[in-house]
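A single chain, nothing else alongside it, follows as C-alpha cells in the form predicted on its own.
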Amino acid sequence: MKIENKGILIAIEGIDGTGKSTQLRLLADHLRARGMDVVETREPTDGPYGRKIRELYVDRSRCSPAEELELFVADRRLHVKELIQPSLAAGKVVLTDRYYFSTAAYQGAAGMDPARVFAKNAFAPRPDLVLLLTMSPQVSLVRIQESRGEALNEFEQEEQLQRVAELFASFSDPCIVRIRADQPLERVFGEIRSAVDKLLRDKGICV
C-alpha cells in the first residue's frame, strides 16, 4: 500500500563543485522564513552504509561497480525509512543534497546501466522537484581545488565527471529543472527560489 505524503521532497543534484550544499542552506533559510518546517539532509548519509561509501573516496578499487551500487541502495533504503518518509508523512519539506539521480549518473559513469539503477531505486519517494545544477567539469574542478585546497577524490576526476555530466544531461524526468551553476551565487539562488516558489504555488501553498 502506497503511503500518502503530506510533505514536499526537493533534491539538489549535479556534479561535484556546483555549489549544491550552499544552495541547499540558502533554500532552507528561504523556506523557514516563510514558516515552513524544513529538514536538511544529504546522501551518502552518515549512517553505516554512507560511511562505507565515503571510504571509497580514498580508494574506489575496493568495490566493484555492482557492489558500490548496492551500498548506495542500502544507504538510501535506511535514509528513506528513518528520515525521508517519516518527514514527508509529517508534512515537512525535505531538502536533500543528492538523491537517486546522482546514483544513476555516477554509477552509470562507472559502467552500470542507468535504467537499472533507477529501477533498483523504485522504492524511494519520487521528488516533487529536482534542481539540477549544471556546470562544465573543467570549471567544477577549479572550484573544488580552490575551495578545499586538497587533492581530488576518486569520484572527482575530470574524465569521470565528464561522463557524469553527460548522463545528467540525458535525464528527462519532468520533475527536473536545470539551472546553470556557473552564474553568480545570487543569480543561481534566484532561479532556484523561482522554481521552488512555482512548485509551492502549484501545490496551493502561499509563498
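Computed from a prediction, not measured in an experiment: that's the story for all the values here. For every residue, the number given is its place in the sequence shown, counted from 1.
One more form of this protein should be noted, the form predicted together with a small molecule, which is absent from this view; the next part is about it.
Colleague: Quick one: is residue 54 in contact with the small molecule in the predicted bound form, heavy atoms, 4.5 Å cut-off?
Modeller: So residue 54 counts as contacting the small molecule.
Colleague: Looking in the predicted bound form, any heavy atom of residue 107 within 4.5 Å of the small molecule?
Modeller: It does: once the small molecule is placed as it appears in the predicted bound form, residue 107 has a heavy atom within 4.5 Å of it.
Colleague: Does at least one non-hydrogen atom of residue 98 fall within 4.5 angstroms of the small molecule in the predicted bound form?
Modeller: Contact check for residue 98: yes, within 4.5 Å of the small molecule in the predicted bound form.
Colleague: Tell me, yes or no, whether residue 44 is in contact with the small molecule in the predicted bound form, where a contact means a heavy atom of each within 4.5 Å.
Modeller: Output for residue 44 is yes: heavy atoms within 4.5 Å of the small molecule.
Colleague: The chain here is shown without the small molecule. Which stretch in 54-62, 27-35, 174-182, 135-143 comes within 4.5 angstroms of it in the predicted bound form, by heavy atom distance?
Modeller: Only one stretch qualifies here: 54-62.
Colleague: Every residue in 16, 76 and 102 with a non-hydrogen atom within 4.5 Å of the small molecule in the predicted bound form?
Modeller: Yes, all three are in contact.
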